[in-house]
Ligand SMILES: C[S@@+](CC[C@H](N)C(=O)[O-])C[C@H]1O[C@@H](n2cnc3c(N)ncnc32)[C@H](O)[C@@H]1O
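In structure tokens, one chain follows: the form predicted on its own.
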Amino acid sequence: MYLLLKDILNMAEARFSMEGCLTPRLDAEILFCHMLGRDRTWLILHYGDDLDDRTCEEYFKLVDIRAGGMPLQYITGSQEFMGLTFHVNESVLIPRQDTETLVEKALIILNEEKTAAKNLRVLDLCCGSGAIAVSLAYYLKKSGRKAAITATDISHEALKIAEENAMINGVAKQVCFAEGDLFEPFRKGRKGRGRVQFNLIVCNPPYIPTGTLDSLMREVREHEPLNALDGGADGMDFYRRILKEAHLHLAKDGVLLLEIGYDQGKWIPLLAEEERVYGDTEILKDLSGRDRVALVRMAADRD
């Protein structure tokens, strides 16, 4: 028995709607295109095509997987971020558009006049898929800027994905990767400061309060790595740890950029102030008008 392409797409859309998928029609179309290695333009031109049983069966197997909660990006193995393509699997969080706010601000900072003549050093903590580090390297390279970018993660599997993404996007020579917990990979000098001083440190750390993890969407809580989401009892554990040590690894005029949860903007300035080594803290909003990024500068009178 043969089915029309438009019919099986409608069936998949109905199934995804029933399971609570946020974009059921889009998911149905992307999944079919992924299966055949086609783009959505091809799909539009072939809605009336007959499909054989084998094609339908293969497609409905993928529909079952998606309807069972597996994120679409893990099925297709890719996600777009900052106009680039990133490979993803269950070892890494799926890059999200919200994080582009952090990357865009980082690029503005790195292209400011006062840093224009420098060979910049950038550190990406908790790099996951490498979306932040790779995007920065790509666009800095495109603009002719010189920057040495280091990306760290505690997960060996995540670093393998990040390294692959650096290769995919042509910046393998611009980014080096180090395995370890936050600043662990970096040696310190006699005065306790890092031997490498960075102009910019960026991080999208785990910031979901432990008690709210069960309330996340099923596809997030069941498939994305919880160690990349769990920020401790109040969601602030990683911010405390980063702020306690970041100043030891920042250059005198260095900047720390942190992605934050929508309700955490009021706490970051207080945590930074407690350390007595940072200057003003600025909270930046995303396209939805929610607090998304904390910008922390070193104090002007730092030795």
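Residue indices: 1-based, along the sequence shown. Given the structure is predicted, the values throughout are model-derived calculations rather than measurements.
Separately, the form predicted together with the ligand exists; it is not shown, and the next lines address it.
Student: So in the predicted bound form, does residue 231 come within 4.5 Å of the ligand, heavy atom to heavy atom?
Tutor: No, residue 231 stays farther than 4.5 Å from the ligand in the predicted bound form.
Student: Can you work out whether residue 149 and the ligand are in contact in the predicted bound form, taking contact to mean some heavy atom pair no more than 4.5 Å apart?
Tutor: Answer no; every heavy atom of residue 149 is more than 4.5 Å from the ligand in the predicted bound form.
Student: Answer for residue 205 alone: is it within 4.5 Å of the ligand in the predicted bound form, judged on heavy atom distances?
Tutor: Yes, contact at 4.5 Å.
Student: Taking heavy atoms and a 4.5 Å cut-off, does residue 182 contact the ligand in the predicted bound form?
Tutor: Result yes; residue 182 sits at the interface with the ligand in the predicted bound form.
Student: Would you kindly say which of 168, 154, 220, 84 lies with a heavy atom within 4.5 Å of the ligand in the predicted bound form?
Tutor: Comparing distances to the ligand in the predicted bound form, the residue within 4.5 Å is 154.
Student: Which residue, 120, 109, 72, 126, is the contact with the ligand in the predicted bound form, using a 4.5 Å heavy atom cutoff?
Tutor: Contact with the ligand in the predicted bound form is made by 126 alone.
Student: Can you say which of 212-220, 130-138, 160-168, 72-80 gets within 4.5 Å of the ligand in the predicted bound form, counting heavy atoms only?
Tutor: Correct option: 130-138.
Student: Scan 220-243 and write down, in order along the chain, each residue with a heavy atom lying within 4.5 Å of the ligand in the predicted bound form.
Tutor: Read in sequence order, the residues that approach the ligand (within 4.5 Å, in the predicted bound form) are 227, 228, 238, 241.
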